[in-house]
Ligand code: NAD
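Take a look at this one chain, the form predicted alone, written out in structure tokens.
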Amino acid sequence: MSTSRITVARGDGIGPEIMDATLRILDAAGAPLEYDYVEIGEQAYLAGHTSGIPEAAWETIRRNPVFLKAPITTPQGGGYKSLNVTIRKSLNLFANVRPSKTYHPFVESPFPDMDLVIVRENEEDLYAGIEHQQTSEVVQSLKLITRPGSERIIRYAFEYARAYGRKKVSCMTKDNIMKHADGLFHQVFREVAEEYPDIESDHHIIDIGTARLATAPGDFDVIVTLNLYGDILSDVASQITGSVGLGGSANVGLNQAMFEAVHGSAPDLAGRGVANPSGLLLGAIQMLVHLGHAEIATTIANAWLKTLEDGIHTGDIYREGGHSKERVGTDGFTDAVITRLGQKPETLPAAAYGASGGSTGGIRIEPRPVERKEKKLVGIDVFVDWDARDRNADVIGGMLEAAAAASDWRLKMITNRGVKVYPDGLPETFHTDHWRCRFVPLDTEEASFDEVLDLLSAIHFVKVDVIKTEHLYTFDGERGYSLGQGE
């Protein structure tokens, strides 16, 4: 059996305790692993590494194909970036795979038959972290959704379902509101689903979909969704299994993968020896199957299931008078799992991982080239900072009408927080100092960049503060921008 060299980070808070426990179990099971340790996280942040990852650690992480990471603490304040997001995006770990399963009756849950997997897009959406303060009152966060990124994660979800014998893939978006961003994701889902007639597919609006997940998780098998929604859904799913501490997570790319627990570093529990190592251990089991060590993964998983079945429970899942028999700490739970290596559960279904791969299932996803479309500039949204004369939309409308007339443009509308306030706005509408002003060419169907510059110069001349512009395009004649509310 070949040895796999992996990168290990012991993390912050309870991280070192649960990582030591996990490695003890891996070693006791004979997992053919060699470890390269890296120091990342809180101390690296405080030492001046704004990403939380020193350069030497990056070299090790990039050299090894697998990274087993304990929870990290990000210091409060100071503008520190999320280390997890940095790693996922830098290493192109586009798929976050989070199984959520109940272990009834040994871990209490209102849903004894829950067994689903959430496949979350890992690199795009609002987690791109592109934010700006544009006026004294208004900040923006850009939601970026791409066709290649959407296709890749959606196709991965269908391939995962096929590889693991799952029957249905459900998509969740909010495309009734975000018709372009979430609408693109849903459209790609429909296109990809047609290529998998053997797998059932459906779509849910994210709010009611989350409610259904929380009340009827048995309706779902594999869920694929965008980054922010997937983050929220994963925690909901983990919580209703009985404990977030039982959630493991895989972050998978084409060439590398990172495995971790879904929970945080829980600094309030650090050093007390009470933390449940199960989440990280289940992440490590995913890692073993990913590396091709399915037999050892199966052995460890069954020993862990037998431990739960025998009522050896850490405090987060221990219930007096129920199926819990002995309350143990981190070390006691670890010892119990090691003692049961080679045993199988008698009530819970035994684990049986195949040799074809683990969280990736040997899946290789290459996005297809995107066909270029004819793009035409048909207008421009000019965002301005204006806070004068009681924020009367008719006043700024008159100023911008004059600018438009001087530059062969027509002011079509002004919105404030997305609601049309000019022309013919309602007096009840609340106004901030941030205005979107939509202009279209006066006599032509297509504008030029020089004409855009003329317009901006005219707006500057009437002393209106331009803070941002967004070009309005059509693609093969189809509108590539949203209408204003009331437009």
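In case it trips you up, residue 1 is the first one in the sequence shown, and so on. Everything numeric in this text was worked out from a predicted model, so none of it was measured.
Only in words, not in the display: the form predicted together with nicotinamide-adenine-dinucleotide, which the text now covers.
Verify the contact flag for Gly245: yes if a non-hydrogen atom of it lies within 4.5 Å of a non-hydrogen atom of nicotinamide-adenine-dinucleotide in the predicted complex, no if not. Output for Gly245 is yes: heavy atoms within 4.5 Å of nicotinamide-adenine-dinucleotide.
With a cut-off of 4.5 Å between heavy atoms, is Asp316 one of the residues that contacts nicotinamide-adenine-dinucleotide in the predicted complex? It does: once nicotinamide-adenine-dinucleotide is placed as it appears in the predicted complex, Asp316 has a heavy atom within 4.5 Å of it.
Heavy atom to heavy atom, is Thr225 within 4.5 Å of nicotinamide-adenine-dinucleotide in the predicted complex? Judged by the heavy-atom cut-off of 4.5 Å, Thr225 is well away from nicotinamide-adenine-dinucleotide in the predicted complex.
So in the predicted complex, is nicotinamide-adenine-dinucleotide close enough to Val384 to count as touching (4.5 Å, heavy atoms)? Flag for Val384 set to no.
Which residue, Val262, Ile396, Leu281, Ile145, is the contact with nicotinamide-adenine-dinucleotide in the predicted complex, using a 4.5 Å heavy atom cutoff? Filtering the options by heavy-atom distance leaves Val262.
Please pick, from Glu371, Asp198, Asp268, Glu374, the one residue with any non-hydrogen atom lying within 4.5 angstroms of nicotinamide-adenine-dinucleotide in the predicted complex. Filtering the options by heavy-atom distance leaves Asp268.
Does nicotinamide-adenine-dinucleotide, in the predicted complex, lie within 4.5 angstroms of each residue among Ile14, Thr74 and Asn276, using heavy atoms as the measure? Result yes, every residue of the spot touches nicotinamide-adenine-dinucleotide.
Residues in which of 65 to 73, 50 to 58, 454 to 462, 434 to 442 have heavy atoms within 4.5 Å of nicotinamide-adenine-dinucleotide in the predicted complex? Result for this chain: 65 to 73.
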